[in-house]
Every structure is written in C-alpha cells, then in structure tokens.
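Starting off, we have a lone chain in the form predicted alone, written out as structure tokens.
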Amino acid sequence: MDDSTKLFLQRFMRRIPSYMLRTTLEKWGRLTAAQQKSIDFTQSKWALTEALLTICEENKLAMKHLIELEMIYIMDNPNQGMWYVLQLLDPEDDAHSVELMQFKEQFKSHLKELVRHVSIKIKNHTDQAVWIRIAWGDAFSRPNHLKPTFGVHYLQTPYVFVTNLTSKQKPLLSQAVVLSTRYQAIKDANLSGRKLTAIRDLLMRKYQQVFPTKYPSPLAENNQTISNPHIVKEQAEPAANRLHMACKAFGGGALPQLQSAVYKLKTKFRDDPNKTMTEREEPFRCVVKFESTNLLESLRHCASSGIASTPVTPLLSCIPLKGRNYFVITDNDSGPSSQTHQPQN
C-alpha cells in the first residue's frame, strides 16, 4: 500500500463516526469474518485506523478498493456537504430509453476524452440512483482522491445533484452528462441544500401535496392549534381557512427539510421622502435570506398560525411550486424570477 493510499484511508477514518464503522465494513465485504471480529470497535479512532491499515496491507488492498468503502459510506449518508442541482434540457427522442450500463460506458468515455487524468467510479444505489464519484487530475497531475466530486442522477429524470464541484470542473461534468443522457443542454436549477434527500424530494414531489380542491375536515381536526378547545366558535373558521391555505402553498404532512431560501433584489427604491434614493437610476440591490432547520415547515406554521398573512405570497409559495430556493426579483417581473446560481466551494 503506497503513501497516497494510506493517507486516503486515514482521512476517511477521520470522517466516519466510530459507531458506523462496523456496519460500513460489513457492507464493504473486503475483510474476512476473522479480521472483522479481530477489530475492537471500542478503541480510539487512532487505534482503529492503525488496525485497519494493517489488515488492508495484509489483504493487499489498493486505492480502488478503498474508493468502494468511501462510496458505501457516502451513499448511506448523503446529507453531507452542500448539494447543487443541475437540470437537463431538451431531451432527444431516445433520452428516456438510456439504461444504466449505457450511461456508465458513455459517461466514462466522454469525460476521459475531456480530461487526460481522471478517475471515475459509478455505482447503482438501491433507490435506483446512479452515484458518480470523480477524482480530478489534469494534463500534468494524477487524480486527487482526497477531494472528489460526487454526483447523483436518477435515470429518466432531468436532474443531476452534485457536490464539491469547482467552476473549472463544472463545464466538463456538464458536457459528459449531456452527451451520455441524450439531452441537448444543461443549466443550474437554482436549488441547493445540505440535505440531498430534501432537495430530491422537493423536485420529485415526494411529499404530501394539497391541491386546490374543497378542504377536507380531518386535516383541520388533526392540527393541535385548530382542535384547541379554548378557540371560540367564531375563530375556528378563519383558523381552518389559514391552515388550508398554508397547506395548499407548502404541502401537508412531513415536508422536505430545506434549510434556506435566497432572494436577490434588484428593484426601484420606493420611499417618497427619501429623494436621494428614489431618484437613483440604479436599482436598489440587496439580498434577503431565510434560514431554518426546516424552512417549509416554518413558513407553513407562520401562515397557519396567523403570524404571516394569507393567502401566502407567491414570493414564498413558489419555493415548492418551482422547486427552487434562489430567486432574483426585479421591477420588470410580476413575481420572482430565477437566475443562474453558481455553486461556490
């Protein structure tokens, strides 16, 4: 085992929590039952690392084997780092017939034509997601396995989720994805978050939506605020109406745990007494950011409890409607419009 492989394993061991190591190694399947049993998982992280290094050297494991170990851990724990969404555009006639093996072969072929030194590993997850790991190099350096890019693509959908992708690498990845999926273009979807599962569920509508039909009474009865016996009769109807409009805007039941939404304002400053600002030709520029551990749940609660007015403003209801959390607001548009959101590392 060379020094770069040892360093990779040491870095990996620093990342993975000790309580998850046993299960991850079992899924990896590169250790014998006796070797697995010989590891004392109650030891310090340093001692665990040394023990695993010794076993890997005994088994003559190389970098490609340790990459498998890393991917198992990341695939089981995807809500790490900052994920950004790319959206594929203009599918060709056979785009929906692309299969896994076809995608893998073409993606590797196209990317290796663009980058001289690159390491690509592709695995299919149990939820039908295609996971892509890319270690980037260039014309003069070998692939850097310590800073890989991860991508997730669900075949037959126009979305690609990426993390740890630099602006230099982005055009290369985008071109390879477009060619291997039979689309003609790709753009930023203006959606990002630290929970991959949350932004995936938001885009793919994997949460309970409330459509604009007659509101069923059981939902209102299940809400503790509405069923509070101290709410007088004349307050019950407005409260139920607020809950209805809040659920219609953001969805019912458990919602995707989106952490933030950003609104970039480029509007005319409106304050008649302040002539210095109102007479400016340049638009008033500022950024408004909403943050929460579960932003959609927080907004829904504000609307249903009366903290925020209803009907819910399109500035907020467009987050689940459009599947985005980055917007640019200008005087020329009736509502929030999207602008390309470049990932930042």
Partner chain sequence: MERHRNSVTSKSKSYRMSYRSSLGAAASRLGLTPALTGRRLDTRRRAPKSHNITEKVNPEQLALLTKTEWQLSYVTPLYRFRHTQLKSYSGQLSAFIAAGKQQGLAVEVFDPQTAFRVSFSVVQGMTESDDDADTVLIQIHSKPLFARQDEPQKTVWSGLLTCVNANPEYLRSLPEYFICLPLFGSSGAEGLTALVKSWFQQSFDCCFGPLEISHTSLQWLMALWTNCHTESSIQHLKMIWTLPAVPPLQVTYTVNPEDAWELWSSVRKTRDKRGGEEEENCIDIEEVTSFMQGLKSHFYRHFKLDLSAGSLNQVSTALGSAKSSGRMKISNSRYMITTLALLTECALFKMPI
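We call the rigid core the largest set of C-alpha positions that still match within 1.5 Å between the two forms. Numbering follows the first chain given and starts at 1. Note that the coordinates shown come from a computational prediction; the quantities given were computed from them, not determined experimentally.
FYI, the form predicted together with the partner chain isn't displayed, but the following is about it.
> In the model of the complex, does each residue in the set Asn274, Phe284 and Ser292 place a non-hydrogen atom within 4.5 angstroms of the partner chain?
Yes: each residue has a heavy atom within 4.5 Å of the partner.
> Is Lys147 close enough to the partner chain in the model of the complex to count, meaning some heavy atom within 4.5 Å?
Although the partner chain is absent here, Lys147 would stay clear of it in the model of the complex, with no heavy atoms inside 4.5 Å.
> Taking the partner chain as it sits in the model of the complex, is Gln36 near enough to touch it, meaning that at least one heavy atom pair lies within 4.5 angstroms?
It does not: once the partner chain is placed as it appears in the model of the complex, Gln36 has no heavy atom within 4.5 Å of it.
> So, Thr313 and the partner chain: in the model of the complex, are they within 4.5 Å at any heavy atom pair?
Contact with the partner chain, yes.
> Find out whether any non-hydrogen atom of Tyr263 is located within 4.5 angstroms of the partner chain in the model of the complex, and reply yes or no.
Within the cut-off, so yes.
> Using a 4.5 Å heavy atom cut-off, which residue among Tyr159, Phe103, Phe269, Tyr73 comes into contact with the partner chain in the model of the complex?
Flagged contact: Phe269.
> From the list Arg280, Arg30, Lys45, Lys64, which entry has a heavy atom within 4.5 Å of the partner chain in the model of the complex?
When the partner chain is considered in the model of the complex, the option within 4.5 Å is Arg280.
> Among the candidate stretches 22 to 30, 54 to 62, 284 to 292, 36 to 44, which one is within 4.5 Å of the partner chain in the model of the complex when only heavy atoms are counted?
Only one stretch passes the 4.5 Å heavy-atom test: 284 to 292.
> Of 29 to 52, which residues get within 4.5 Å of the partner chain in the model of the complex if you count heavy atoms?
Heavy-atom contacts within 4.5 Å come from no residue here.
> Any chance the CA of Lys64 moves 2 angstroms or more between the shown form and the other one, core superposed?
Where the cores coincide, Lys64 shows only a C-alpha shift between the shown form and the other one that is less than 2 Å.
> Quick check: Trp46 between the shown form and the other one - does its CA shift reach 2 Å or more after fitting the rigid core?
No, shifts by less than 2 Å.
> Is there a C-alpha shift of 2 Å or more at Lys27 between the shown form and the other one once the rigid core is superposed?
Moves: no, less than 2 Å.
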